[in-house]
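A single chain, nothing else alongside it, follows as structure tokens in the form predicted alone.
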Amino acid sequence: MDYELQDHEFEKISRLVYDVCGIALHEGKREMVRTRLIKRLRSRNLRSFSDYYRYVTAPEGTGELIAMIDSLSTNLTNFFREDGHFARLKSVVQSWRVSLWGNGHLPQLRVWSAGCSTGEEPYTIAMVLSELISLGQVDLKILATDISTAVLKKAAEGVYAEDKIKNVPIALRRKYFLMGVKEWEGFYRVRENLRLPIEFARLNLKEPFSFKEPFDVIFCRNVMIYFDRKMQQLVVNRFYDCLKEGGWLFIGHSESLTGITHRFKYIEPSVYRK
């Protein structure tokens, strides 16, 4: 069956996606929406996008609504992506060790990877911090969230094809990954000690969120490019409220807080501080 995405159908679906998670689907995304959702229509034996819209907005369609958002979420990432941020993270943690914890111990460190995709970012953060501090003596927690349940499942599994870890230095690869054998040859699995401080959880940035403890560092990179200005401002100011005084926010190099009313101090492109 040749599924056509009519103007009114695209408008309804775009509005629904925005209302649910804040992702703005402009006209240039129309063919992407059609292509990705055709599979969902076929899986539900539905004959049109109008039928699909009615289904996902009905009480019994809650699970399919999550699957639809999964399908429309773009998840492009890799280990040590935009590695200047991790160099900055190193220097930040090293300065905290000297100025705040003169004995060399970090009693508590909280990091949030917002929009963690398939896990490369939080695992990179864990590697960087593990090389600086002794995890046995530090209360380190890394919260890794995404709206897509599909990518979170892959992230929690922590298994990557060899080409996916090409940016991981050899020494760190040997230290923090297990090489697959037999049917798993060509794949690498994250070692358990690197997984321990990381908690993966589904979180929708458009919905109100509150945490028991504030964060020292928030990474939200290449996520806000999918939001309009109103949504960007909402999320940025919530991040501010979730950070400790002096905490750091890292955004993508293709992103900027220019034009957004916020309380952050600009440090350098894509790096801000409370």
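Residue numbers here begin at 1 and follow the sequence given. Since the model is a prediction, treat every value here as computed from it, not as a measurement.
If you look for the form predicted together with a small molecule, you will not find it shown, but the lines that follow are about it.
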| query | finding |
| --- | --- |
| Selected contact from Thr74, Asn193, Gln94, Asn167, since only one has a non-hydrogen atom within 4.5 angstroms of the small molecule in the predicted bound form | Thr74 |
| In the predicted bound form, the one of Trp248, Tyr226, Phe239, Phe49 near the small molecule [non-hydrogen atom within 4.5 angstroms] | Tyr226 |
| 4.5 angstroms heavy atom contact with the small molecule in the predicted bound form for Arg54 | no |
| 4.5 angstroms heavy atom contact with the small molecule in the predicted bound form for Ile23 | yes |
| Non-hydrogen atom contact Asn222 with the small molecule in the predicted bound form at 4.5 angstroms | yes |
| Any non-hydrogen atom of Thr124 within 4.5 angstroms of the small molecule in the predicted bound form | no |
| Partner-facing stretch of 111-119, 170-178, 154-162, 185-193, counted where any non-hydrogen atom is within 4.5 angstroms of the small molecule in the predicted bound form | 111-119 |
